[in-house]
Ligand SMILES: Nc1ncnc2c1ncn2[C@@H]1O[C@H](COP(=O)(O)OP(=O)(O)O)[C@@H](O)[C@H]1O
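In structure tokens, the next block holds one chain alone, the form predicted on its own.
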Amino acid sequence: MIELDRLTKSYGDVVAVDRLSLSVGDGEFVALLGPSGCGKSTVLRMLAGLLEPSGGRVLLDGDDITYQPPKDRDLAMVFQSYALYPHLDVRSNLEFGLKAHHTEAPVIAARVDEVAGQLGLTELLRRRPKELSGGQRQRVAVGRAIARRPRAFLMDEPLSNLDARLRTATRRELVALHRQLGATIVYVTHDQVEAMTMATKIVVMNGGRIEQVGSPLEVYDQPASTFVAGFLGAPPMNLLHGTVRSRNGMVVIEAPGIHVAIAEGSTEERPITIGVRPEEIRVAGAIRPGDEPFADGIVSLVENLGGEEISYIEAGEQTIAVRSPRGAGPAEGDHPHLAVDPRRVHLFDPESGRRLRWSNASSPATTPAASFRPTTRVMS
């Protein structure tokens, strides 16, 4: 189990990581996800002992390892650049960490053969890194870490140098390996597909702080802020500015070209940001029971993605993205009527960006409400 307690890293006046607290349970696959410069790699390097924190603590199974040297932490690091020894063959690269820890020769031979079999490297043991493909080099880097049998694995964007096909294949291999070993993995990435498909828990970071922690489905379906909503998804969630008010016994949200009733009841009038995933918006012919009128506009662009298409619809001064099966969406120049299930409408405070909830109910579609309150920041 790994615990980060108010971990901080500053470079002069620049705070790269700001009092970050996080718990990683034994056997979890945790992805640190965020844009470049958000502090995720800095966190990983402090955890590995490659950077000294400016404040806070790092605990491993309850032991304070904040200032322990990397060699004493029993954590295996897999780097983006593979970091293989070019003058050594695959077998020697796999053996290196074991020899450094003075492991007995028969144990080294058995572990290397086992790892090579797991990762499909048996036929490559006598090759040097320059004779391997990118995917093979990455498997060697992972295998070198596995052979040590460390207490946890730290991975810093290990797939970013691979092409799309190899990334997909290697993702599957890492997921299968995690299930087989039951190991604790902390994985840094800016690729939301990697995080969504591989991790058991995602930590979304922004500006050196945690925006949200949760399972892949939790952070996608219940984003804690407009940052999370706008970062996850391709295209990301539509974030539209409007006004919430009471009208004819209903709580409605209105903006030029947009009008959606989200519940019975009344509320004070105030600005609001609404979020709707592109795949949750329906066009004429695809309306489902429970959907309510949402918006009208003109289609300015349609992107063909093969099996799907993304339509961009201008509603007033705002643009709404709609994801549809190919051939089921509107064409450029059309004026479609859009509808959405009110339960799929997310509400955010326009100033703080934090998610809003009803003050007296968990679901705005089923219970009247008098006001909205921001959710608290989720830290673990």
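For every residue, the number given is its place in the sequence shown, counted from 1. For clarity, every value in this text was computed on a predicted model and none was experimentally measured.
There is also a form predicted in complex with the ligand; it is not shown, and the following applies to it.
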Region of this chain that lies against the ligand in the model of the complex, out of 346 to 354, 328 to 336, 30 to 38, 56 to 64 [heavy atom, 4.5 Å]: 30 to 38
Using 4.5 Å between non-hydrogen atoms, is S311 touching the ligand in the model of the complex? no
Find out whether any non-hydrogen atom of S324 is located within 4.5 angstroms of the ligand in the model of the complex, and reply yes or no. no
Enumerate the residues of 310 to 324 that have a non-hydrogen atom within 4.5 Å of the ligand in the model of the complex, in sequence order, or give none. none
